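Just one chain is shown here, as structure tokens, and it is the form predicted on its own.
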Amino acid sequence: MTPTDAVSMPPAAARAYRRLLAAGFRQQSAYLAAAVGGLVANVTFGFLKAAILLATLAAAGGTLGGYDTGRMLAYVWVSQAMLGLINVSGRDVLGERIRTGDIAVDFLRPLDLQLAGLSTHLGTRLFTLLPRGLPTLTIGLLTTGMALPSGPAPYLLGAVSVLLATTLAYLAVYALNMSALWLVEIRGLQVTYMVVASFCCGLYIPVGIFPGWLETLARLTPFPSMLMTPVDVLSGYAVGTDALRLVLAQVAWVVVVGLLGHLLTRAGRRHLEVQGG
């Protein structure tokens, strides 16, 4: 489904996608223990990550790439809080359904496959904010000296950025898994995606402290828009026009990657029919 199609979506289809969103939320709520385990992991690695990055910051004289102690701590805890929202592993149930041939059933359903998957995904990710994301951020706020913006604008724009980041991360993984219609076995591709996406999105260290050439290379990909952009906006590292520019880049990547997934779906549907699926 293209962006134009989404705008002119019939009411019945819109209701179906809203129900998928709600179903995804309910489905994820059944795994509360897993969410609590994720919270423990987020907090544990948050403290370890903070210790390492603060030591690096101290060795650099107290500032590095525009990050001081408060901003670096904000980066750590906002990024940890977002871990449940983004998929950097490259794995998705779609790839397995293609491998088993169940994708033929999905193609027969009267809904856009990409948008239906996105709706369900957003529902599951929305739930993770409650027992995992927000508590992680709260613990970081209460136990460290992280710096956050004081006005409402960064949080409003940040909320939009988080939604765009979650959407973009799903669309990229969707396109990756849709390639299984031609490649069949994509585990090697998924591992490669995980390594590149995890690094370039700023999961380990902020993209802003990459060497100049590497930062430029990373920002030519959609990966910083999946994590680094919402972190920079919510932490106040990017403000005003800089923050708006980053969010607009997210919108552009959502359109580009979403269109890629749409084209792969159309081509894959024809390819599957040619193969007798």
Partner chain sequence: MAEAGTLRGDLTAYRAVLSSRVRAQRAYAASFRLDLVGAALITVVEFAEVWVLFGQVDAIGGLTLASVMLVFGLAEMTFSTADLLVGHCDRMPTYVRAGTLDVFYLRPQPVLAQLMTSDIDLRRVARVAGGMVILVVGLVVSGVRWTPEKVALLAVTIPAAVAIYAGLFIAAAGVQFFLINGAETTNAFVYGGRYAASQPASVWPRSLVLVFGLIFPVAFTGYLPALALLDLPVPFGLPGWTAWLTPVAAVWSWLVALGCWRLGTRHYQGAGG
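These numbers were taken from a predicted model, which means no experiment stands behind them. Positions refer to the first chain, counted from 1.
Although it is not shown, the form predicted together with its partner chain is what the next lines describe.
- For the options Leu217, Ala34, Leu244, Ala252, the residue carrying a heavy atom within 4.5 angstroms of its partner chain in the predicted complex is Ala34.
- Taking a 4.5 Å heavy atom cutoff to its partner chain in the predicted complex, the contact residue among Val195, Leu134, Val160, Val93 is Val195.
- Interface residue remark: Ile205 is counted as part of the site for its partner chain in the predicted complex, having a heavy atom within 4.5 Å.
- Using a 4.5 angstroms limit between non-hydrogen atoms, Leu141 is distant from its partner chain in the predicted complex.
- With a 4.5 Å cutoff on heavy atoms, Val191 counts as touching its partner chain in the predicted complex.
- Remark: Pro211 counts among the residues lining its partner chain in the predicted complex, judged by a heavy atom distance of 4.5 Å or less.
- Figure note: of the listed segments 217-225, 230-238, 26-34, 244-252, the one touching its partner chain in the predicted complex, with heavy atoms no more than 4.5 Å away, is 26-34.
- Although its partner chain is not shown here, in the predicted complex the stretch 45-81 places heavy atoms of Phe45, Phe47, Leu48, Lys49, Ala51, Ile52, Leu53, Ala55, Thr56, Ala59, Ala60, Leu64 within 4.5 Å of it, in sequence order.
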